[in-house]
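Below sits a lone chain in structure tokens, taken as the form predicted on its own.
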């Protein structure tokens, strides 16, 4: 019986590959958008404008303090009541981008604030503008702190993308639910689902470990 189920599972691989493509598409677009928004918000959150810092802080707390599934449901099911209708794919990308941006915002803000104040004071004394201080002095040093957790957040976001199956996005997880109805061996089916997610995340896991080791060496040398 197991050999029959395994054979059927192998016949379903093209369907799983379509799920992999959908997962990569949703996660990839979300990581790009989330990184851009997260960096901008992180820079503002580490800045001097108290009002903007407070507003971004409230947004970060709300997004990080509520279940991702609830956020997706609000975007996909509640917003149409306000006249904003989105297909499942768009809603998934927006929701995951918003979640990713909130975490990256805190990572970037923490990295910027970790740069010694003396560096900024020296840059100010040298006549550099705020923009040039950020570009040439602060961010290059902050990136040593930002990069490892940033890549780690990418891995978490890819895994969080599995939740978008709840609104009908045919990603790896959704394909797994379809398949297990035909092949009643949950361990076999979702074992494959787990392996596919691992295959996507493993290069990033290695990259995160490499960056942590590299940044540690650079810090020791400094």
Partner chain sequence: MLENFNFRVIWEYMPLYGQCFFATLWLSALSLLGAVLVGILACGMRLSQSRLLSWPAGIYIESIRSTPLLAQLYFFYFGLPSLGIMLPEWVTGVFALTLNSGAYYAEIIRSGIQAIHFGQIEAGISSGLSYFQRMRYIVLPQALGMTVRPMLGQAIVLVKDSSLLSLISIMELTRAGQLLTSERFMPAEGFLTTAAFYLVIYYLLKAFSNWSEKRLIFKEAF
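Everything numeric in this text was worked out from a predicted model, so none of it was measured. Numbering follows the first chain given and starts at 1.
Another form, the form predicted in complex with its partner chain, is not on view; read the next lines as being about it.
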Quiz item: Is there any non-hydrogen atom of residue 73 lying within 4.5 Å of its partner chain in the model of the complex?
Solution: yes
Quiz item: Using 4.5 Å between non-hydrogen atoms, is residue 153 touching its partner chain in the model of the complex?
Solution: no
Quiz item: Would residue 53 show up as a contact with its partner chain in the model of the complex if we use heavy atoms at 4.5 Å?
Solution: no
Quiz item: Does residue 77 reach its partner chain in the model of the complex, with heavy atoms at most 4.5 Å apart?
Solution: yes
Self-check item: The single option of 46, 193, 169, 31 touching its partner chain in the model of the complex, heavy atom within 4.5 Å
Solution: 193
Exercise. Could you tell me if all three of 117, 141 and 143 have a heavy atom no more than 4.5 Å from its partner chain in the model of the complex?
Key: no
